[in-house]
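The chain below stands alone, shown as structure tokens; this is the form predicted on its own.
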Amino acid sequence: MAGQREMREKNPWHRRPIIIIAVLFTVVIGGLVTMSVMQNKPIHQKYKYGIVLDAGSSHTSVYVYQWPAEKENNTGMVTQKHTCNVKGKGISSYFRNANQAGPSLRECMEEAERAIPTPRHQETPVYLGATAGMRLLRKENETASGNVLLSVMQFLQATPFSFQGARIITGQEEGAYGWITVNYLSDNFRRAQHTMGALDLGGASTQITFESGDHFKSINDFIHFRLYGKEYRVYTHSFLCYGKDQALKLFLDRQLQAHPTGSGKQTLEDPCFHPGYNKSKSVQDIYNSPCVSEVQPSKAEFTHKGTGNWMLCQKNVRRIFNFSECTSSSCSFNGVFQPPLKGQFGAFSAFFFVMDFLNLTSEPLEVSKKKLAAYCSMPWDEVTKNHKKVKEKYLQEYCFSGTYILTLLEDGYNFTSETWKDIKFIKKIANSDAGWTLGYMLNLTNMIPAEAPDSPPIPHAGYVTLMVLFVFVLFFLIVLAYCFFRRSSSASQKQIV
């Protein structure tokens, strides 16, 4: 027993000071490790969400956007999280049954609910922007357009989101927000590079927008923006009735008016439709729009017969434009002022879909004309055989639509064979659809308060101070232990001597 007690007294690990030092050492090491882990663990990124409904002339699309709660240069970093195309036609088609316009959005809005975390629903803003289809309806029947919007508003107000309004946006807004989208997705704003122009083609209108230093004749010719701390002034113009679908109505109207027939059923030989194409159509399907002539042909139906002559097709397409009237230094068409084109352009929406189908997105202008001429002369039965999965409504119109796009860009917007290479036909950039909705959401985030992100438990300066203090205490304990061991070792040697 006495021997064991003597061994413990000679062994420094059994001394009380050493035990205290060891415990303190362990506590300090544990504190250092714990603080480092807690301070450097990944911070959960907070996101805010927004929903924009694009109520176009042919259909409605619902876009869900998200951006970090901590914004950059007072502009949220918005990305597209989810998209849904509403089944059926655009909301303007419900003008006879306005109360059905809102419920038509139900399926896509339920998808939006699933795409956004439930705790964020009440704070997520919802905006609906109606474009040229509703602009035309308002022009034709203001009461009907108001009833359609009311139905949409009542439905969206009943969703769990924060409804912020439904309105018919102007053509200038549509063009300008499309310009923001193209340049935002191309990262031109943050990199302070030259901006890219935007070319948008819908069913009922088309827009051209680009940054220009020219002095504008009309206040409607420009829009002012402030993004990422920089001012932007852009030229923008929207042509109502010159979207792809309405342009076709204009085109058919001109031909029907130019070739009246006697008592028999009218036959329209159309160079913009494939040879062998032969359909009986209702005159009312053309003259149900305020874009066309108020004077309708006397016949209720006509036979639409394709001839597939591209040269004559382009000649007839040019007739729906007025290229002779211009009171300014330079014009696009119909007497509308347009400054000289500048820089590259992103062409999206129907511009992309038509040119992509025709495989003309990367072809020079002259090559595009030759390929389009060959396509238009292809027999209709061969076209349907080669594209069985494409709906006939779209398939029958590609010859006209392609010709219309080439004519609009070259003769209307003044692109040449040399500047044609500056047009980039785009569908998506950085996994987001090109269109006006993202620009709209981006601009609106300037009005949404920023939310403080999750931060480390200790401020950086305090963290550094504590680390230094812990290291100092650790060093002190090591020195203290060393001194105690050295003293104990010397005492043991003296006892042995």
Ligand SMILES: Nc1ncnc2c1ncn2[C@@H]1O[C@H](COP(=O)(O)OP(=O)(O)O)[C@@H](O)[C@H]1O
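Predicted model, so just to flag it, every value in this text is computed and none were measured. One rule holds for the numbers: they count along the sequence shown, beginning at 1.
Although it is not shown, the form predicted together with the ligand is what the next lines describe.
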- Message: Can you work out which of Thr403, Asn183, Ser205, Thr209 has a heavy atom no more than 4.5 Å from the ligand in the predicted complex?
- Response: Ser205
- The single option of Tyr398, Phe415, Tyr287, Tyr94 touching the ligand in the predicted complex, heavy atom within 4.5 Å: Tyr398
- Query: Where, among 347-355, 266-274, 109-117, 191-199, do residues come within 4.5 Å of the ligand in the predicted complex by heavy atom distance?
  - Reply: 347-355
- Task: Find out whether any non-hydrogen atom of Phe323 is located within 4.5 angstroms of the ligand in the predicted complex, and reply yes or no.
- Result: no
- Query: How about Ser57: is it within 4.5 Å of the ligand in the predicted complex, going by heavy atoms?
  - Reply: yes
- Query: Taking heavy atoms and a 4.5 Å cut-off, does Val148 contact the ligand in the predicted complex?
  - Reply: no
- Query: With the cut-off set at 4.5 Å between non-hydrogen atoms, does Asp221 touch the ligand in the predicted complex?
  - Reply: no
- Taking the ligand in the predicted complex, which residues of 238-259 have any heavy atom within 4.5 Å of it? Lys244, Asp245
